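A single chain, nothing else alongside it, follows as structure tokens in the form predicted on its own.
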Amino acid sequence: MSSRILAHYLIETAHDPARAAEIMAGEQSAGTFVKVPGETPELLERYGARVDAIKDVESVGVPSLPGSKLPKEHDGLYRRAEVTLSFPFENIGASLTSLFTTVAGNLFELSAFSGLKLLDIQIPPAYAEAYPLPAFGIEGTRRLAGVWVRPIIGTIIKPSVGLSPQQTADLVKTLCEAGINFIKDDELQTDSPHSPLAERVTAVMQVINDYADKTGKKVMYAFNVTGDLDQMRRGHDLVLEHGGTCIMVNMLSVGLVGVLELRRHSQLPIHGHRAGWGMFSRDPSLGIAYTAFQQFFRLAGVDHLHVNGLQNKFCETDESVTASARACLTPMPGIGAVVMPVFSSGQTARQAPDTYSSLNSVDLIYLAGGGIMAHPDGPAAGVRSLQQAWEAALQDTPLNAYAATHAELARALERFRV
């Protein structure tokens, strides 16, 4: 594999795309807007970024984004093209923060562009030696959850905020007794005055440990330890001390360094929530595609990564969700670092067959918040409806046919209509 770092972009520009790509390469390596002393051909040959490929896509008559500047001679068109740049490893080294600055830095502000999106990156194997990578991933998560031949079925504590530690524990007891595999805090619930993390961990783990003592099955609970570095380390230690098997972090809130330092400290799987990712992705002409975004956090050591869900409550298409999940399951060349994709966001029993057929894998965590909590017969029936939906999917049996002999699934299909 090349020692150069490759970055693939979709650009939109009123300029000649080849010239625009050269501007990108110069801005993000050795060049600037004018020639400067010391910018020798030898230096540029060694340290300059290269334009490796340009593929024209289409032309449009209206710019996607404001603020771009026109060339002196403009024919009224804005050209879209796919561009591949490569950067010398020597410029960056095995540094995630420098890598992010290089492939996703000032270029988004360049006036030659009315659209620019990072689509994907290819990272040299040297990064695998510099970073801890996921410590648990799919196999370790399955081992701790005790689930092997189907998806790990879970939920998010709802209401998102407002429950006391004891109320949370009471709900966890119901869910454990229903046979759930995985529970997590909502991304909004961290170490709040109404539910301090220490009290929540103590109350919830008492329930989980008691259930494990009785049944031999330990439910995985992802406690949200998001905070500053010391808070996250203390939160991790608290969960570990009480016998917990997972912690959660809001990745964008704490950043690459926060996730990395948490991984270096952690003895538990890290559940990575991508809250805020929409600001990078929602505009098709601006930002970062998840195929690129998720690689940074895989290198930093996250074990589970949220990918949204099919027919979700947000704006993302099913095709995008599936592509994101497949990316998580695809080893990075020369690095590996496969992680467990997490499907959530408006998931119910209805989406199970489509999720299985689109991904063609059971290596996923399937989270239903309202799809479990709002089941007409209560959360326990909600859990059973999800289990039954996945049984049907794995047997290639239509949901309605399976529901004829499974009451909880039937009630879920009635409650959660398309």
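Small disclaimer: the values here were computed from a predicted structure and weren't measured. So that there is no doubt, residue numbering starts at 1 and follows the sequence shown.
Below: the form predicted together with another copy of the chain, not depicted.
message: Does any part of His8 reach within 4.5 Å of another copy of the chain in the model of the complex? Heavy atoms only, please.
response: The answer is no: His8 has no heavy atom within 4.5 Å of another copy of the chain.
- request: Examine Gly244 and determine whether its closest non-hydrogen atom to another copy of the chain in the model of the complex is within 4.5 angstroms.
  value: Outside the cut-off, so no.
task: Please run the contact check for Pro41 against another copy of the chain in the model of the complex: heavy atoms, 4.5 angstroms, yes or no?
output: Although another copy of the chain is absent here, Pro41 would stay clear of it in the model of the complex, with no heavy atoms inside 4.5 Å.
query: Any chance Arg200 has a heavy atom within 4.5 Å of another copy of the chain in the model of the complex?
result: Residue-level check for Arg200: no, no contact with another copy of the chain.
task: Select from the listed residues Ala323, Met279, Leu240, Leu77 the one whose heavy atoms reach within 4.5 Å of another copy of the chain in the model of the complex.
output: The option sitting close enough to the partner is Met279.
query: So which of Leu286, Met332, Ala212, Val147 gets a non-hydrogen atom within 4.5 Å of another copy of the chain in the model of the complex?
result: Filtering the options by heavy-atom distance leaves Leu286.
query: Heavy atoms within 4.5 Å of another copy of the chain in the model of the complex: which stretch among 258-266, 136-144, 77-85, 215-223?
result: Stretch 258-266 is the one.
All of Ala30, Tyr131 and Leu188 within 4.5 Å of another copy of the chain in the model of the complex, heavy atom check: Verified in the model of the complex; spot residues all in contact, yes.
query: For the stretch 99-135, which residues lie within 4.5 Å of another copy of the chain in the model of the complex by non-hydrogen atom distance?
result: Read in sequence order, the residues that approach another copy of the chain (within 4.5 Å, in the model of the complex) are Phe100, Thr101, Thr102, Ala104, Gly105, Asn106, Phe108, Glu109, Leu110, Ser111, Phe113, Ser114, Tyr131.
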